[in-house]
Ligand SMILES: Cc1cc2nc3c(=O)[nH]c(=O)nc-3n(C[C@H](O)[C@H](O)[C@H](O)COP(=O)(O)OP(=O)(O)OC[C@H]3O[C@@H](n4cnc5c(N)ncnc54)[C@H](O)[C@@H]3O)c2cc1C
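Okay, here we've got a single chain as structure tokens, the form predicted alone, with questions on binding and movement later.
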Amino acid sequence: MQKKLSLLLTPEEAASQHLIKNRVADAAGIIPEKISGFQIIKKSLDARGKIPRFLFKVNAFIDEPYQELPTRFFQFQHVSAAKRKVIIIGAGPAGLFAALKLMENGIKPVILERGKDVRSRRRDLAALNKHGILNPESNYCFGEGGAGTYSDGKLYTRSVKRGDVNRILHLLVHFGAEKNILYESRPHIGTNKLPQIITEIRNTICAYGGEFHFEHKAVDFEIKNNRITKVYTSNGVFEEFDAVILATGHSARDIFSLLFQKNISLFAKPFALGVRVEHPQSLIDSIQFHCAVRGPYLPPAYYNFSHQISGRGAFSFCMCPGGIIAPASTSPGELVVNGWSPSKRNNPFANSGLVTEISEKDWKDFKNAGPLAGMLFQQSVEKKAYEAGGGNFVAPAQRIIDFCENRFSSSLPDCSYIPGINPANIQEIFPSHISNILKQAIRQTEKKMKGYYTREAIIVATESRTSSPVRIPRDEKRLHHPQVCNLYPCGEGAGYAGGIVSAAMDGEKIAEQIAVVLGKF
């Protein structure tokens, strides 16, 4: 017999298979010896009370043999000689998962990636962190796996209606992710583990006849009779294909400019912009867990918040427990920061974006740029941040209290940002109304998280690549661009996703539609 049960466990109980089994037996009203095993269906942490508790949903096996929780089986077709071929521009989650779905349908994917493979990419990241040397084509945003590869690997998404979230998670397990991502309420892989998973995806695509072309930046298209007929890259020309999936990510400004120059319609869209806030992880633990010291059975604490201030949303973004602030710039003279955590989340700092909504009224000074106005506004803020840091990708920083009280920070606490930080007046980087919203958000957060507002916390500018500042339109049903019938905008860069899982689901959605149009072979 199998029985589904809900359990509320102490952190110590949740860390022990033996103790969980005893609690399962108690909940089922039987002795532990009758239970052959249990599957964890869902696990979440409730830290709202004075004592944190874990909520488990389990499937218990009673008086029958235990079976492991099954994972899905995926069958890819060999496509080296396939009649149909699709060019995918970008090897982020949207592009990679589109490629896998195409292969399931017998269509050959040819992936063009401007950056390098994950192993080579590491050397460019090291040069950026240690020496301030930026490779515009290989960095935290560009390269195999896209921005997600080296920015934490969070898999939590609210986009549950956009596709099959569980399928994406099972695919990641298929390629090497741990099975706990199937039941954790906030699944997370970790920046240290994601590269190997990305490598396994590439190896599978190549083994089944797909193609990868690294350091092939798309630089132009030939369009005839409302169809793309050629894709020009920095290292060659590609033709004789059936469709093009544009999955270039939220930072590919050159692609947005190229589309604009070729009179292919796109629109400015709202995004969010602000700073990274960093606290000692121990401080966040004490706030969230209501204790002086986090116990050995609790994970590093997480937080999130959202406020409405002067008619705008202001919210936390991509919170990284036990994480590191990293330089996410893609061009010289511009400073962007992001955060990531290793799988164990065992660094001494916690960081999170603190951002506010940006819309048309904010980029009015750039309105002559039409659909690129939001992008140019975003870029202008990043340039100010670079100048405020003093160059070489050193970041401008300020104690959070000094920022709110309009006071220069004469000293700064330790920070995880490897290129280094310099004291600066952060409010001068943003328009005054945006700085004021960020200040109010900090004070409102303090009301809910006593201790958040402290001299131990600093802000680092600027967190500006939260999502694409541009939307590339597509037909609501057929999903291709309204002007170019074989061009399929996809993922974060096109404005249809936000994060690894939602981008992967959008990639699959596009690939499935292409398979319908082309016919499945």
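What you see is a predicted model; the values in this text were computed from it and never measured. Counting begins at 1, following the sequence as shown.
Note that the form predicted together with this ligand isn't included here; everything after this is about it.
Peer 1: Is residue 90 one of the residues lying within 4.5 Å of this ligand in the predicted complex, judged by heavy atom distances?
Peer 2: Yes.
Peer 1: For residue 338, is any heavy atom within 4.5 Å of this ligand in the predicted complex, or not?
Peer 2: Looking in the predicted complex, residue contacts with this ligand include residue 338, since a heavy atom lies within 4.5 Å.
Peer 1: Answer with yes or no whether residue 349 is in contact with this ligand in the predicted complex, where contact means some heavy atom within 4.5 Å.
Peer 2: Taking the distances in the predicted complex, the answer for residue 349 is no, it never comes within 4.5 Å of this ligand.
Peer 1: Answer with yes or no whether residue 150 is in contact with this ligand in the predicted complex, where contact means some heavy atom within 4.5 Å.
Peer 2: Yes, contact at 4.5 Å.
Peer 1: Let me test this: is every residue among 78, 99 and 508 within 4.5 Å of this ligand in the predicted complex, going by heavy atom positions?
Peer 2: Verified in the predicted complex; spot residues all out of contact, no.
Peer 1: Look at the stretches 490-498, 52-60, 474-482, 452-460 and give the one with heavy atoms within 4.5 Å of this ligand in the predicted complex.
Peer 2: Going by heavy atoms within 4.5 Å, the stretch is 490-498.
Peer 1: From the list 210, 143, 321, 374, which entry has a heavy atom within 4.5 Å of this ligand in the predicted complex?
Peer 2: That would be 143.
Peer 1: Check each of 307, 279, 202, 217 and return the one that places a heavy atom within 4.5 angstroms of this ligand in the predicted complex.
Peer 2: Only one option qualifies, and that one is 217.
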